[in-house]
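Quick setup: one chain, the form predicted alone, written in structure tokens, and binding and motion questions come after.
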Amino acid sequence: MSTKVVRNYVNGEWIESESKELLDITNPSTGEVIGRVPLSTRGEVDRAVEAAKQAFWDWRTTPPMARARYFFRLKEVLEDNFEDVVRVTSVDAGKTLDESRGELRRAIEMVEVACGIPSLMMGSSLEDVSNGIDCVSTRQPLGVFSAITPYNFPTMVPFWFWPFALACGNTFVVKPSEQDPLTQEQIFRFIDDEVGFPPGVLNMVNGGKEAVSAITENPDVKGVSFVGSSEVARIVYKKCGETGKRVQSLGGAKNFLVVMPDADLDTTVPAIIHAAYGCAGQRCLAASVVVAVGDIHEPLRDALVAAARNVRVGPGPEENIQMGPVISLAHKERVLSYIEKGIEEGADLILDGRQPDVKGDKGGFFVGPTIFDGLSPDMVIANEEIFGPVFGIMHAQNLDEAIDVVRKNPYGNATCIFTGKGKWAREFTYRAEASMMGINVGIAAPMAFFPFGGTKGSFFGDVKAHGSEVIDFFTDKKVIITRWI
């Protein structure tokens, strides 16, 4: 892949940014510079929004069934170019090939759900709400929406938003992560060449903080979808509220996996290992803390260490790799600093991944599987999101104590329990505070037709990502009360 400058896509055209500020795009598996991304100016964002605004009315008046046909075609295009997207994602984000395939499959599932927009957008009606008076409720699109998306799922996360927004009749501006923008650039090329949305309906602008500010402050943007850290999610939520925009702002996570004494270790351990080390721990559903309840603590600990030692770490694009690098050198140093913090706090480092043995490593940003034991709820590493291949084990005497740990944590994205007893599972799902919950699964990831998002410090807004309820976010419910005399 040659070094090049990524371009923006506005009003159906590829446009070189006017910005003189460029960032290197690095291959996380090698540290090699594989491209450069412009930090687009406020004016460039505003022009993309204006193009979307101008395209809105014609697209809004396109019948929902006609809009849906674009998404039937989009699914075909993504399927036809499946492995090409996978390869670029693996190089761009450092993901393993299987992770890249899984991510694209999830994106395609979003498109499949969007194909059902004629049913999803249906309103409701009732005749004779009073004598001779009928009432109809319809859903109508609002205008221009935008998404500010993260580096950890460069393929999937934009698809959480724009297919649903466009299917509803809105127009859109995507701002991908500046750390791995090559994936979205390639997808947009396939869309431009083979799907052919009308000019201005779907746009992409690369950039950093200035682009984010421009999106959140532009009065023509009706709503913003954000995924990233809780710190930034709060800022986006506040700025959108100040300017009257709709907002769904998904933040960070600290996910607790509770393992009860009756858990089947043969299935529990692989599930935890995958949840902890998939995507090198860089996902908001990653296993962060394992809470071992009762006397399962020692056998679980020993089994997790043994399994983690066998995780194959290496460059993402290579076959049979189970865990790739983290996204950048700066992020690697951040993860290592949390490992040092855990040692300082007195946690027992029972598996040290600071110097992994990676065959053929040419300068990639690798951190090996890392496990702490002896975590306490007051430790920094038990509360802050590390976003790397690091988790800790905490010991609880009973289920009440484990639930109390989950409830007191400031995040509320996901939590899981491993048990064979329905009573324990029901008690846990009834009382623990997180919006996505798993029973005997390590990753509580909802399918495209269910909502995605957390609670507490993990989510700011009212309507969560994808699922049928996201249609509420991208439409206004207009109620029409009629009397004919």
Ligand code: NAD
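Predicted, not measured: the structure shown is a model, and the values here were computed from it. Residue numbers here begin at 1 and follow the sequence given.
There is also a form predicted together with nicotinamide-adenine-dinucleotide (NAD); it is not shown, and the following applies to it.
- Note on contacts: among Asp373, Glu385, Glu185, Glu99, the single residue with a heavy atom within 4.5 Å of nicotinamide-adenine-dinucleotide (NAD) in the predicted bound form is Glu385.
- Tyr151 is the sole member of Phe365, Tyr151, Tyr237, Phe71 with a non-hydrogen atom lying within 4.5 angstroms of nicotinamide-adenine-dinucleotide (NAD) in the predicted bound form.
- Contact check for Gly208: a heavy atom falls within 4.5 Å of nicotinamide-adenine-dinucleotide (NAD) in the predicted bound form.
- By the criterion of a heavy atom within 4.5 Å, Ala253 is counted among the residues contacting nicotinamide-adenine-dinucleotide (NAD) in the predicted bound form.
- Using a 4.5 angstroms threshold between heavy atoms, Phe418 stays clear of nicotinamide-adenine-dinucleotide (NAD) in the predicted bound form.
- Looking at Phe172, you'd find every heavy atom of it more than 4.5 angstroms from nicotinamide-adenine-dinucleotide (NAD) in the predicted bound form.
- Here the chain stands alone, but in the predicted bound form its contact with nicotinamide-adenine-dinucleotide (NAD), taken as any heavy atom within 4.5 Å, falls in 209 to 217 among 189 to 197, 209 to 217, 260 to 268, 117 to 125.
- Residues of 175 to 201 lying near nicotinamide-adenine-dinucleotide (NAD) in the predicted bound form, listed in sequence order, are Lys175, Pro176, Ser177, Glu178, Gln179, the criterion being any heavy atom within 4.5 Å.
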